[in-house]
Structures are given as structure tokens and as C-alpha cells.
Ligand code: 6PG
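Before any questions on binding or motion, here is one chain by itself as C-alpha cells, the form predicted alone.
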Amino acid sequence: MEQAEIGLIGLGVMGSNLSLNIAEKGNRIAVFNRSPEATRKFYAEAGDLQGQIIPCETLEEFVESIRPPRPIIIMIKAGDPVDQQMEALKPYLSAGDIMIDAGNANFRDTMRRFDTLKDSGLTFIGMGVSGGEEGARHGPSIMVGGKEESWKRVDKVLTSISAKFNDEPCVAWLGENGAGHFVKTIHNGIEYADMQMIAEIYGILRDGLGMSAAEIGEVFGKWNTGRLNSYLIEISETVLKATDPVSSTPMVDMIVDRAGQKGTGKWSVIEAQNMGVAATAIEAAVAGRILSSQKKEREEAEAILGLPTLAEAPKDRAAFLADLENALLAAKIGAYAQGFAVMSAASTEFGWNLPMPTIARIWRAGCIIRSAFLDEITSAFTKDPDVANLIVTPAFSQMVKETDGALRRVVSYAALSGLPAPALSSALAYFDAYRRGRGTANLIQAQRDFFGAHGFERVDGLDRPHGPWGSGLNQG
């Protein structure tokens, strides 16, 4: 029997869909699941694609079915299960074989796995896959980290199954070891911010302007034809217009306001702080999800504190809707700028040389944050790949200038009305702090010197690093 070009372990929703995508694109694939019944069911339901699939019920049979050097995708729950699966595979593998973790792994786990395998003759790829169930089946955005020779072994298969934007494949090798999973982590951090900002705008429309879910869906639908064109705006219109078949009311109104998270947003924030990069919009989004989970506490607090009185609704509703559209665009620019700044810092710290234009390019289709906006980011980084921050590029600095006033007015209205807008507010504060040449940290430095003799720099350059506070005032 002809050997498979690639193997995949884990036939859950993502693994099954990715396997079908691989087979459909003309690649022979071997599949294995811990439960043989799941493998049989998957194969039985594969229909016309069965001829491209080799179902295996033992690891030995599975490995022997793949052409060496064998690339094996592991699509199971991140963490210890991946380590356990790798250990189970090792006795059957040969030098040069490649284990590929395609789950939402912490990039530090990926780097550890590379170190563990470095003297074994085996190698590893940490592969970020974005696009959810639909992307896995019909074309995801794929972010690859590992040895370049490992990438060359899987390039053909991954390129064939990736999403395409104007016929360009949304897949790339981004660097060594954890580069692919790190980029996927930051992708998810930006996704958190984007979703939170959209939800905050929804809250202003619902609670501030008293609009129905369907009316808000119409607004998002209109915005999706302009500069905010994106997958998240598109699906927001769809879910807001959907009707619950049980209650015949808007589906979104029947959903408990308690959002879950799987950790990638939190990892984005942690790594941003580890590298000393401000990612305030992403931080606000993670905090927003945490607060959403405290449903009972929020209800008790409302009973005790009450809600602030809404500010007077803007008299020119059309103008305010335009402000909301531009405010969301401005805030998105802030979130993306922060995400790319984190990746730039990580690229330097870990020696990855992450290609920023390529990252923006492969996010243009297949992934959750895909949008027309990313075409402009690609262009900006292509013109100046080493720019310090996206918001100082010519195109985006102009966009910030055009939309700054709208963001300021929207945040002001939300604050006066008691409508929470933490991500929008954080984006505005980020712009204001980033572009102010003389900030207020001089007072912080004076305070630190007063209580801890930490010293400071002087604007005149003199070598006098302490203030005249008096020797008896320092408290340690």
C-alpha cells in the first residue's frame, strides 16, 4: 500500500476536520485515535475521501504507514497529554521523524520539547492553527515554528491545506522552536481585545441608545462593508440577528453574560509584561473576561450600588454611530499595535527574527482576526519592517489622527453613563501616553528615590542621581 505523506493523531473536532482537509487537497494521510472506535467512525464517514486515508488502530501500524522522515501532527488537548503522546510515539520513530504539536500550546512548553528532543535524532514543530472548526476543514491560517529543514518536509502539505488570500497561502515558517506558537498566542491576545471592544460597542448601543439586537446587527452589517470589514464584525451581525427557536426572542439576549477563556489571552499578557511591553488593551480584555465570570458578585454589587444615570443621548444619532465606528477602528489599531510590539520584543529576546509583514500577510484569511485591515498592516510593515510601533507608520498615524476624536467622544460618553468600556478606554490611554514626549514618571522617580534611594536621571545630564530630600527621610 502507498504510504501516507503525513500522519495525524487525535480525531476530535479539530483533528477530524484537519484530516479531511489534508485528504481533500490530494495528500494521503494516516490517522490514529486512542479510541479505535473513533478511528473507525471517522473513516466510515469520510465518504469519497476514504481512498486518501489510512485508518490505523495501533501506533506501530500508524508509524509504518507514513513515508519517512515522518511528520506526525498531534491534535489533542494541550499540556501533559501532548508529552504523554510524544513518549508513547518515540519507540516507533526513526531519526529525522517530526512530531508536530498543532494545539494551543504555551510556547515555553514548545521550547522545552525542542530541548528534550535535541539529542534524540527526532525533531519537533510547534504549529499554531487558527480558524476554528471551519478553518481546519476548509483552510486555516498556519504559523510554523521549528527547524527550516522540518518546515521543508511539510511545506507542500501545509501550503495545500491553508487558507488563501488572493491566491496567496496563509501559512509560513516563522522561525526556530517556539516562534509559531508564540505568534499564535499573540494572535489570540489580539483576538481577545478585538472581541472585547466589539462587545463594549454593543453595550453602548444596547444600554446607552436602547437599540435591539437586530438593530445593532444592522449597524454591524453596515460597518462590515467599510474599514471595519472583518470576520468578527461579520459574525457579530449574524449572531445579533439570530432568533432563539425556544423563546422566539433574540438568541444573544438568552445567553448568560459570562465569557470563558482557555489561557492564550492570559499568556499574551504575561509575556508582554515579562518583556516590558505595554499591551493594555489585551490586558483589559482578559480582565473583562475575568469580571464577566463573577456574575453573582456583579449582581449583588448592582443591588447595593445601583447603576449610574445615563448621560443624555447624543441628539445626532447618525453622527454618534459614525463616532462608534471610528472609535472601534482606532481602538483596534491600538490592540494590533500592542500585539505586534510584543512579537517584536520576543523576536529580539529569543533570536527568532520574526517577519512582521509575513505574519500580517498570513492572518489575512483563515484566522479569527482576519480582516481587510491586515492588508494595510502588511503594507506598513513591508515598507518599514523595523518600525518601533505600528501607530507611527505613515498610514496608521494618519488613521489615528482621523479617529482619535471619535474614540475620545465615545469613551467620554461611556464614562459619563457608567457603561463599562475598559478596552476602548485602555486603547485611548495608550495613545495618549505613547505620544506624550514629557510624561509624569519624573514624579514616580522622585518618589522612588525618596523612599528607596533608587536614583534618577536628570534632564540636564548632570551626575547627581539623588534629590535633596534629607538623609533621614529614606525608609528603604
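All values derive from a computational prediction rather than experimental measurement. In case it trips you up, residue 1 is the first one in the sequence shown, and so on.
The protein also exists as the form predicted in complex with the named molecule; that form is not presented, and the subsequent description refers to it.
- Contact annotation: the named molecule lies within 4.5 Å of heavy atoms from the stretch 188-196 in the predicted bound form, the single such stretch among 240-248, 188-196, 74-82, 149-157.
- Taking the partner from elsewhere, A346 is found to have every heavy atom lying beyond 4.5 Å of the named molecule in the predicted bound form.
- G288 falls outside the set of residues with a heavy atom inside 4.5 Å of the named molecule in the predicted bound form.
- Within this chain, V219 is remote from the site of the named molecule in the predicted bound form, having no heavy atom within 4.5 Å.
- When the named molecule is considered in the predicted bound form, N104 lines it closely, a heavy atom lying within 4.5 Å.
- Exactly one listed residue, out of P314, G132, G203, P355, brings a non-hydrogen atom to within 4.5 Å of the named molecule in the predicted bound form: G132.
- Proximity to the named molecule in the predicted bound form, taken as a non-hydrogen atom within 4.5 angstroms, holds for one residue of L89, I368, L329, I359, which is I368.
- Along 246-277, residues G260, Q261, K262, G263, T264 each place a heavy atom within 4.5 Å of the named molecule in the predicted bound form.
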